[in-house]
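Next up: a single chain in structure tokens, the form predicted on its own.
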Amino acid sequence: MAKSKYLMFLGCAIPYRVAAFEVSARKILGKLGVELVEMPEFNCCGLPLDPVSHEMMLILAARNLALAEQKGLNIITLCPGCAGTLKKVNKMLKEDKALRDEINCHLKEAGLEFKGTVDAKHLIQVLIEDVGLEKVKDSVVKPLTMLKVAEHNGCHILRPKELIGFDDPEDPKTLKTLIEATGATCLDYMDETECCGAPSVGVNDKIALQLARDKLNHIKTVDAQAMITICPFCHIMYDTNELRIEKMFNEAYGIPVLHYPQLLGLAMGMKPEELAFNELRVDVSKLLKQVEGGA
């Protein structure tokens, strides 16, 4: 079977704070015939510097894209922020020759040049567009028909629409479609597209926790057995803080927060230990027993 090949862009947070996302993503992509090429020369995508130093953000993102161009491979990311930044800068530099020339002056010092010959995509975009929904479905050997879950896309995966150009941020379909490909039911709930609150943590963590609480309450209302995320920071916001929110607001949720590749991996017949379920903070034992029992 011929393999699709991508440069793996892990970003800054995932290797150190959300290892389960990387572990499970590598497992399911390998099963789907996707070859991941390591690129240790990659630097930060640049997002944390914008808008404090917009030019430096452009240079950092452009350097990553130029390195990928040298390899002749497209980039796959797990972080929507990284994907969005690389997509945005790729589009800006392709369409603005003056800006491209300016940034290339900086890249020249490192022996690089941005030419605009590669793309950068998030994991779910690769799955739906490049791997294909049918192949994802065909990989399922243990349909998760016993599970009812809720999706959480997050903000960066689809916004701003004019730069990302993928799915509809007001009515997203991709993640829901990929969840249903596992056999699980993806439930609708109030304010699905609302932010997790993570961007507010550094300013006012009470506001951030209230936003996360609102989302958990809405998910609890529809009796979802788990929340499915595709963003490391959204995952951290919920999985790390759910117990804290329960204590702070005298609530009880018990809603495990899974990375999408973990859900798909279960449907592929992989064991929880292969998918780093031990890294999750919210107890997932009840859900795993249900999957094991098949009902």
Partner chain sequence: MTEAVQRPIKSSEIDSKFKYEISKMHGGEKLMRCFQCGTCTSDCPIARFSDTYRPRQIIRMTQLGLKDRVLNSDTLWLCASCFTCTDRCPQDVEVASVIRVLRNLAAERGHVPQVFKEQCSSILESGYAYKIPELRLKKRETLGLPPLPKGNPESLGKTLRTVHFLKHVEKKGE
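Residue numbers count along the first chain shown, from 1. All values derive from a computational prediction rather than experimental measurement.
One more form of this protein should be noted, the form predicted in complex with the partner chain, which is absent from this view; the next part is about it.
**Q** With the partner absent here, would Ile128, Leu187 and Asn250 each sit within 4.5 Å of the partner chain in the model of the complex, counting heavy atoms only?
**A** Zero of three within 4.5 Å in the model of the complex.
**Q** Quick check on this chain: which one of Arg100, His152, His156, Lys121 has a heavy atom within 4.5 Å of the partner chain in the model of the complex?
**A** Of Arg100, His152, His156, Lys121, the residue with a heavy atom within 4.5 Å of the partner chain in the model of the complex is His156.
**Q** Exactly one residue in Ile179, Leu211, Val136, Leu73 has a non-hydrogen atom within 4.5 Å of the partner chain in the model of the complex; which is it?
**A** Filtering the options by heavy-atom distance leaves Leu211.
**Q** In terms of non-hydrogen atoms within 4.5 angstroms, which of the given stretches 157-165, 220-228, 179-187, 139-147 touches the partner chain in the model of the complex?
**A** Correct option: 157-165.
**Q** Contact between Ile59 and the partner chain in the model of the complex at 4.5 Å, heavy atoms?
**A** Within the cut-off, so yes.
**Q** Indicate whether Glu246 is a 4.5 Å heavy atom neighbour of the partner chain in the model of the complex.
**A** Looking in the model of the complex, residue contacts with the partner chain do not include Glu246, since no heavy atom lies within 4.5 Å.
**Q** Evaluate His106 for contact with the partner chain in the model of the complex, applying a 4.5 angstroms cut-off between non-hydrogen atoms, and reply yes or no.
**A** It does: once the partner chain is placed as it appears in the model of the complex, His106 has a heavy atom within 4.5 Å of it.
**Q** Applying a 4.5 Å heavy atom distance criterion, does Glu113 contact the partner chain in the model of the complex?
**A** No, Glu113 stays farther than 4.5 Å from the partner chain in the model of the complex.
**Q** Quick one: which residues from 163-200 get a non-hydrogen atom within 4.5 Å of the partner chain in the model of the complex?
**A** Result: Pro169, Glu170, Asp191, Thr193, Glu194, Cys195, Pro199, Ser200.
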